[in-house]
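Structure 1 and structure 2 below are two forms of the same protein chain, each written out on its own as structure tokens.
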Structure 1
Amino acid sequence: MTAEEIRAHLDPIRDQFAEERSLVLPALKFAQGEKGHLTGDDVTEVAAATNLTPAYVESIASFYDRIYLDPVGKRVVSVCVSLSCMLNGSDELLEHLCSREGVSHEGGTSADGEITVQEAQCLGACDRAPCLQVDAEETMGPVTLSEADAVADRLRAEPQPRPVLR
């Protein structure tokens, strides 16, 4: 993603903020939409587009769970493990997805690079526990183990949406 493209995205919202610095998070999210994560070059381009230093931009990017500075799978599946979901079996759901995708029980990316499974803190769908979220799509639940299999199969069959919203 080039600074030019990022600037073009920011221009229409620029006057909504008293200080340019506020644009850093919208810029990071926009730049991440290209590949689903940010490379070092992306960070530099975001910095150029927002008149900040790359070090500063990286310090912001690293603060947030949903900004990825390392490559992840084509789709990211976040399994909520907070209390309401835990009481409804989220640990089994996470374990099941991790073993199905062949990643450590704390999550990771499948060998074919298609799916990243990760733990998430409360997704705000406790009425649908246990729940999971694909990228930043609407959170789904309650998810049974066989439904989780179906979700993973669907994600493999589908092309990655553009832009990637995480």
Structure 2
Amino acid sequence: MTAEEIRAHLDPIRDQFAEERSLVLPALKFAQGEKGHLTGDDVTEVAAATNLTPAYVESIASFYDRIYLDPVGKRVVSVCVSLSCMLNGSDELLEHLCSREGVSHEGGTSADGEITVQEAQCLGACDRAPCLQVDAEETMGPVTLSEADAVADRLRAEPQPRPVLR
């Protein structure tokens, strides 16, 4: 991804943002779209496209849990670990999914590269705790361990590429 391609993506939406530096997040999402994660070169190109420093762009990228600086699986399952979900069993849900996919209790990507399990801060579904989200699009809850297994089985049976976040 080049700075010129990123600028071309940003030009039609530029007037929607009060400050020029606010374009960094849409630029990061766009740059991440093709590979599903960002490389150091991508961060540098986003910086060039937004007239910001690579250090600033990386600080933004490392803050958001849907911007990936490392490769992730074809599908990403985010388990909410905020207070409401934690009080309703999200720690057990996260541990169960991590164990099932053979990743550390903190999350990671399955050996076959199909599914990444990660912690997420508040998915905005506190009334449906514990909840999880698939590919930053489909939020569900409350989720039982057997329902989480069904979700993972579905993701493996019907693999689809992660959508480009816009």
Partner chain sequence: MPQLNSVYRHRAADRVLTTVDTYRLSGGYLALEKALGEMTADELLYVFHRSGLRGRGGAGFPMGRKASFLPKDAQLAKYLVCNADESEPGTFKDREIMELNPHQLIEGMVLAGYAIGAERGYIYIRGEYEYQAQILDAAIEAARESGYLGSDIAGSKVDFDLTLYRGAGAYICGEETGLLESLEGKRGQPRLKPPFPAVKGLWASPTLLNNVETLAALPPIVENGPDWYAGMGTEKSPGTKVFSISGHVTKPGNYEVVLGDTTLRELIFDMAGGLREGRSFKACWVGGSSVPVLAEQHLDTPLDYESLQEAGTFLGSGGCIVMDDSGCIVRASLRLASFYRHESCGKCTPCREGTGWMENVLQRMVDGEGRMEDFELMEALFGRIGGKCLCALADGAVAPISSAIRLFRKDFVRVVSEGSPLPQPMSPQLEMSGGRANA
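Bear in mind the structure is a predicted one, so any value in this text is a computation, not a measurement. Start at 1 and count along the sequence of structure 1; that gives the residue numbers used here. Throughout, rigid core stands for the largest set of C-alpha atoms superposing within 1.5 Å between the two forms.
Between the two isolated copies of the chain, the form predicted together with its partner chain corresponds to structure 1. Once both forms are fitted on their rigid core, the CA atom of V43 lies 2 Å or more apart between structure 1 and structure 2. Here V151 does not count as shifted, since its C-alpha moves by less than 2 Å between structure 1 and structure 2 after the core is aligned.
Of the two rigid parts, the smaller turns 20 degrees against the larger between structure 1 and structure 2, judged by C-alpha superposition. Superposed on the rigid core, the forms differ at R14: its CA is offset by 4.1 Å between structure 1 and structure 2.
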